[in-house]
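As structure tokens, one chain now follows by itself in the form predicted alone.
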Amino acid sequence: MSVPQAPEAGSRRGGLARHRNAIAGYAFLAPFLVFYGVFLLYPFALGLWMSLHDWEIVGDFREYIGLLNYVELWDDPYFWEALKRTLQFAAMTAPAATLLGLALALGLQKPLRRYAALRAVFFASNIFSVTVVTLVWSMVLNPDRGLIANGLRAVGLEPIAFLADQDWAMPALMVSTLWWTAGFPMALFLAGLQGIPPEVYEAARLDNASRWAVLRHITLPALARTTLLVVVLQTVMHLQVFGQPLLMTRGGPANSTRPLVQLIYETSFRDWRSGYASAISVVLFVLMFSVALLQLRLSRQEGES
């Protein structure tokens, strides 16, 4: 009678082992899940909830108003102006940072010490804080004693007050941002270049392929996924631009450089309207989420093809 029970006992032991493995797996995941829930999911849910309220950051005043904050956004010219400036900034800087990072990676990929030193120099700017970057570029762009002003005087031209001119303020912010952020795309492209088999380049050399043909038919197609990743990361990052305009121009002159994140900051911490600021934040989140979904869809299409 004991022989038929052996498979059942083995099955119970296997079930207990799987149960213990599942508990161990959840135990390893628990720190991440707690961190994710406390610092990402809870603030996101709270932001959505606040956007449906007239919520003062100081005091206990809370009043549910439904979608009225979003209705007010639709008629707010400051919101549309800040949205336009943010999209312009991201549309100009993200492609420029991608091309600059690709050019630096292609020019500095050789395994020599001087190229390694140059790679370190170009990447070093990426680790500076926004305060250091804006301080350096405020000195460079200073119309009285700045590097560019002295260069213009040396060739007989009048210095330009870049940060005080409506036509020059935004390009000046873009140039300072590119100088700050070009190192990260360069590092991603260098990693992508390392994944291309050297035999492919050797075969192209045996076929007497020109440099342009190698770049067009081998390097760029092989870097397609990296390029897409860089474009998406740069777009999402530049949609959140905040420190450079706040510290270099205060959003001026005449609000010509005020982005969405600065509008959120001023609405919440200057005007104390956290509910309305949360509604603007939700719009910015939808923008960034749309870019991420586009990247996911394009990646799947490329994988299927």
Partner chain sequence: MTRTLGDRLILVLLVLAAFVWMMPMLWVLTLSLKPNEELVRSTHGIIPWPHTLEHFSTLLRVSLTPRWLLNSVVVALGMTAATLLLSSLAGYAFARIDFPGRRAVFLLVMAGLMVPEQAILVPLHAMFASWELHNTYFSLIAPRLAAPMGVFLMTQFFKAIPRELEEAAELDNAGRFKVFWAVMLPLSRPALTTLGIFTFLFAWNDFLWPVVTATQPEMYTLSVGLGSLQGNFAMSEGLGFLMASAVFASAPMLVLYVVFQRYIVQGIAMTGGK
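Values in this document were obtained by computation on a predicted structure and should not be read as measured data. Rigid core here is just the name for the largest C-alpha set that superposes within 1.5 Å across the two forms. Positions refer to the first chain, counted from 1.
Just so it is clear, the following notes concern the form predicted together with its partner chain, a form of the same protein that is not shown.
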With its partner chain left out here, work out from 196 to 204, 74 to 82, 129 to 137, 88 to 96 which stretch has heavy atoms within 4.5 Å of it in the model of the complex.
129 to 137
Contact between F123 and its partner chain in the model of the complex at 4.5 Å, heavy atoms?
yes
Just checking whether L52 would be counted as a contact of its partner chain in the model of the complex - the rule being heavy atoms within 4.5 angstroms.
no
Using 4.5 Å between non-hydrogen atoms, is N142 touching its partner chain in the model of the complex?
yes
In the model of the complex, P31 touching its partner chain (heavy atom, 4.5 Å)
yes
Spell it out for me: taking its partner chain in the model of the complex, does every residue among P171, N208 and Q234 have a heavy atom no farther than 4.5 Å from it?
no
In this chain shown alone, the residue from A191, A213, A224, A164 with a heavy atom within 4.5 Å of its partner chain in the model of the complex is A191
Pick out the residues of 271 to 285 whose heavy atoms come within 4.5 Å of its partner chain in the model of the complex.
W272, S274, A277, S278, S281, L284, F285
A22 C-alpha moves between this form and the one not shown by 2 Å or more, core aligned
yes
